[in-house]
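So this first bit is one chain, no partners, the form predicted alone, shown in structure tokens.
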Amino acid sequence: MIDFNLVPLMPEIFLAITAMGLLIVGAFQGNCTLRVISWFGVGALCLALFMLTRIDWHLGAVLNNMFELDTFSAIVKVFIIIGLVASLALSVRYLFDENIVRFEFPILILLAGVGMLLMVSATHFLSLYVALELQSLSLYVLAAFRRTGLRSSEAGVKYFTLGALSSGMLLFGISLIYGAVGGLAFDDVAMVAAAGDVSPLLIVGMVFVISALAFKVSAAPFHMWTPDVYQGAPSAVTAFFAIVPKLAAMALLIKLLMGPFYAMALQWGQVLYALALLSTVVGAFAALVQDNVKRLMAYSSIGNMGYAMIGLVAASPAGVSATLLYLVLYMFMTAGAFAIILSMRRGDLQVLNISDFAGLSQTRPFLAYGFAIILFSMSGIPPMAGFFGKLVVFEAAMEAELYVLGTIGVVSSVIAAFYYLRLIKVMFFDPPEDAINDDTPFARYVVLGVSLAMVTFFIFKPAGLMDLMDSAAQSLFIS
């Protein structure tokens, strides 16, 4: 008998209904409702977050074991919603500045958010695929949101083409898993794997699934879409791509590796090892020659996903906790960075070359010093939060005796510090260019302020967030 208890999915149901209602409003009232719809969406997300905190996080599986709410998924959902709020808050003014005022933008973000929330609650490969595609289809449209822009259209086509390839790999992997197991529920796969009946068909299917998710988090060598899409998409869309989807996709990858595939750690550990190593190296070296700040952030994200994966290779509660902590801190740092990048305008044009940041400390000192703090944190320089994020990841690698991977990660981090420090040098030591517009909206200051608070004050009370990540990680290993 199908269980129709929908309480664990109330935040997702509420956001889906809200998105449909806002779509009707926009269809009847037109693009003039963009601002209202955007801020109503922010309010709906805050209400969904409140609903999530009031639900019992141990209600178990619903809808015939298709979805479940547990401590891990609930904690990840909290930060996904926070990232969605930040993305919407950053985008409203940008859409008016760039004359792409279309009411569909916040609705697409809400629908993508629903897909992300469902992804991390999935306990069946079919529900996983449907949730992942709901997110992906929204992202494809957002990438090409500036329909009259050649770069945006190119970004949308590239993202859709490679995304379709990724979806095909995922479906093929799922079909192989079904052929090997005879079912698609995570518990069925875990039971077969734990019994030692690991057939080559199951291993190949698992590799295809991991490869498809590696595309979603832009891990090398599946990163080829990232720089072009980051550069070509509207900057508000780039900010959204950088802040939220990677957290959701990495959380899904964690749930698969520590759940149905956990007994096959010997096999997937080799795949993750290669992905982590390549991502850290590619992210470090490729960013050195970039002149566009959005492309630089793209390669930075590739490297950072590599650092996060190092914790997963350890296949331990400490490694998962380290990965989650790193992802959350990276989300806050990225939100603050894009709050500044979106504010870089001269007249009616947004400026995105690194040379355009020259002398920013003299023309817009608050933005320059804020960006410097965030870049120091991304570099892993103490006492910023980014240092502790990398510290716990490398510590987990050392505990798992992954000495080579940990050493390469540290060396890559040192190399990557060059391009972060180069940007700081440009802001503080190069002669100033024409002044940047002094009309940054209040919402961006709020996002930047929250980001800076997390980055700078994390050192004074790290235990709260670290304990939260520990509880999320431990919940995955409770039999």
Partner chain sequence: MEFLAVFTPLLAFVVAFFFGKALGHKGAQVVTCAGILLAAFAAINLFFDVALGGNARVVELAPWVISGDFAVHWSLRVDTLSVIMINVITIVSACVHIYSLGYMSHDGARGRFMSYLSLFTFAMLMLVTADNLLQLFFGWEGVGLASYLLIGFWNHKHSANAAAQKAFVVNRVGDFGLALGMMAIFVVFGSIGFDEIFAQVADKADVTFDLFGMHVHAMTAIALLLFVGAIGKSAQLGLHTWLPDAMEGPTPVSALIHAATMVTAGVFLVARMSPLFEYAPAALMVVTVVGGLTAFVAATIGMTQFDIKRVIAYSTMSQLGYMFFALGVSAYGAAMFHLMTHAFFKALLFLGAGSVIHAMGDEQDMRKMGGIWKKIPYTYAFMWIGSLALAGIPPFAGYFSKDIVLEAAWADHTWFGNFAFALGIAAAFMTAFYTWRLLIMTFHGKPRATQKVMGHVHESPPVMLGPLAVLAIGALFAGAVFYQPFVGGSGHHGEEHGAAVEHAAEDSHVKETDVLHVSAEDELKKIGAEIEQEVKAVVSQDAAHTAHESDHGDNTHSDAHGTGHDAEHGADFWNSSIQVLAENDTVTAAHGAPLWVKKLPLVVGVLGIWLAYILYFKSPTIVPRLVEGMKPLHTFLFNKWYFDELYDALFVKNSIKAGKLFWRGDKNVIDRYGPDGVSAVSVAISKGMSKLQSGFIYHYAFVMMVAVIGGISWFVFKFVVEF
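Numbering follows the first chain given and starts at 1. Keep in mind that what you see is a predicted model, and the values were worked out from it rather than measured.
Form predicted together with its partner chain: not shown, discussed below.
Using a 4.5 Å heavy atom cutoff, none of Phe376, Tyr445 and Leu452 lies near its partner chain in the predicted complex. Annotated contact segment (heavy atom within 4.5 Å of its partner chain in the predicted complex): 158-166, selected among 310-318, 158-166, 331-339, 345-353. Contact between Ala190 and its partner chain in the predicted complex is not found at the 4.5 Å heavy atom cutoff. Contact check for Val271: a heavy atom falls within 4.5 Å of its partner chain in the predicted complex. For the chain shown alone, Arg102 is not a contact residue for its partner chain in the predicted complex, no non-hydrogen atom being within 4.5 angstroms. Under a 4.5 angstroms non-hydrogen atom cutoff, its partner chain in the predicted complex has Gln290 among its neighbouring residues. This chain is displayed alone, yet in the predicted complex one of Ile174, Ala185, Val282, Ile408 has a heavy atom within 4.5 Å of its partner chain; that residue is Val282. Only one of Val141, Leu134, Val204, Ala400 lies close to its partner chain in the predicted complex, with a heavy atom inside 4.5 Å, and it is Val204. Taking its partner chain as it sits in the predicted complex, the stretch 42-81 never comes within 4.5 angstroms of it through any non-hydrogen atom.
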